[in-house]
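Next comes just one chain, in structure tokens: the form predicted alone.
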Amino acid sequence: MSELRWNPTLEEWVITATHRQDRTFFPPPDYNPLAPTRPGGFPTEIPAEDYEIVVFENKFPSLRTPAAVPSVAATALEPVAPSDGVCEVVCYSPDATSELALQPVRKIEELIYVWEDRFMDLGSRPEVDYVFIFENKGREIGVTLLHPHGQIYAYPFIPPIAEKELGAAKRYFERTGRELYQDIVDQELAEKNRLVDQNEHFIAVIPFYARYPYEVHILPINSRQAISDFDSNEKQALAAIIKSVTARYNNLWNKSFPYIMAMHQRPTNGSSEDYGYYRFHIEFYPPYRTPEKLKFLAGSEAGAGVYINDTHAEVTAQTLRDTSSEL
């Protein structure tokens, strides 16, 4: 059972998805549901002997269309809504031991075209207001399957972080007449001390306001609002800088680096609003602050929403910048 419950104290939706308690949890190597279905083997969620990149609906979705009728009645204080939407899984490779950092740039570029296809398709659906593309990597993040994969949530509302970013960018534009993210990009290119990498079309930076010690943001140098706005050269450059960032993470302490990768882009809610004041970007949230110590979200972060970063972006950026991008 899945439904949306409104939190009136924060004015945001919470998804309850009780059926997800039964989802697959670290199966044995010979029972990998994201592997190809081999001849004579058990049938996986991918009914093919091999694949390059595959997308399918999540077997344990938080959102689905048509959604079930909510289990409780709504009230004025406690609104409830069906959890309309889509949850998809994107498998990057049939190799269970691979990951994005190990893929060639060409393969990551192909993945970008897949992401674009899903953004366009899901965003065109009437029940979808926002398409969120992301990857949870590593046991430390809470994944239940280690096979290299990402996910896509097509929400029936604009999620809180995206809504807050959109509002901040719009107010900045109304106040200054300039695009917030353009000013951020210009400043990072001018100062350079927080840059991790750059190419003709993108920068990778640990931002001035980073919440995690090795939090990297990838931003396009020119204004683009969604992954569908990039031309072929920009897609190739995006693939190259994703490869660079993930490889540097792995090289930093010579281990497979866990992270959350979150893609931020314009809503797809059919609004006639011009989102030219906003900009596509990708954010990485790695949980480690040293080779052995995790950055936990404790009282200030989880209870008050105030992050405490015990490093300076300028220092950690220098460390990542000096780390090889060649695995």
Partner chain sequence: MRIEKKRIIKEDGRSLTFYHFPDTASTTQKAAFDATTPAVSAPEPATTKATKPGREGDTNV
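Residue numbers count along the first chain shown, from 1. Values in this document were obtained by computation on a predicted structure and should not be read as measured data.
Missing here is the form predicted in complex with the partner chain; even so, the following discussion is about that form.
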Inset, instruction - Select, from the options 185-193, 163-171, 210-218, 241-249, the stretch whose residues sit within 4.5 angstroms of the partner chain in the model of the complex by heavy atom distance. - result: 163-171
Inset, instruction - Taking 4.5 Å between heavy atoms as the contact cutoff, choose which of 84, 135, 197, 234 touches the partner chain in the model of the complex. - result: 84
Inset, instruction - Quick one: from 180, 114, 203, 146, grab the residue that has a heavy atom within 4.5 Å of the partner chain in the model of the complex. - result: 114
Inset, instruction - Mark residue 140 yes when one of its heavy atoms lies within 4.5 Å of a heavy atom of the partner chain in the model of the complex, and no otherwise. - result: no
Legend entry - Proximity of residue 4 to the partner chain in the model of the complex, heavy atoms at 4.5 Å: yes
Inset, instruction - Please run the contact check for residue 94 against the partner chain in the model of the complex: heavy atoms, 4.5 angstroms, yes or no? - result: yes
Inset, instruction - Find out whether any non-hydrogen atom of residue 58 is located within 4.5 angstroms of the partner chain in the model of the complex, and reply yes or no. - result: yes
Inset, instruction - Verify the flagged residues 46, 79 and 129 against the partner chain in the model of the complex: is each one within 4.5 Å by a non-hydrogen atom? - result: yes
Legend entry - Partner contacts for 98-122, taking the partner chain in the model of the complex and a 4.5 Å heavy atom cut-off: 106, 107, 109, 110, 113, 114, 117, 118
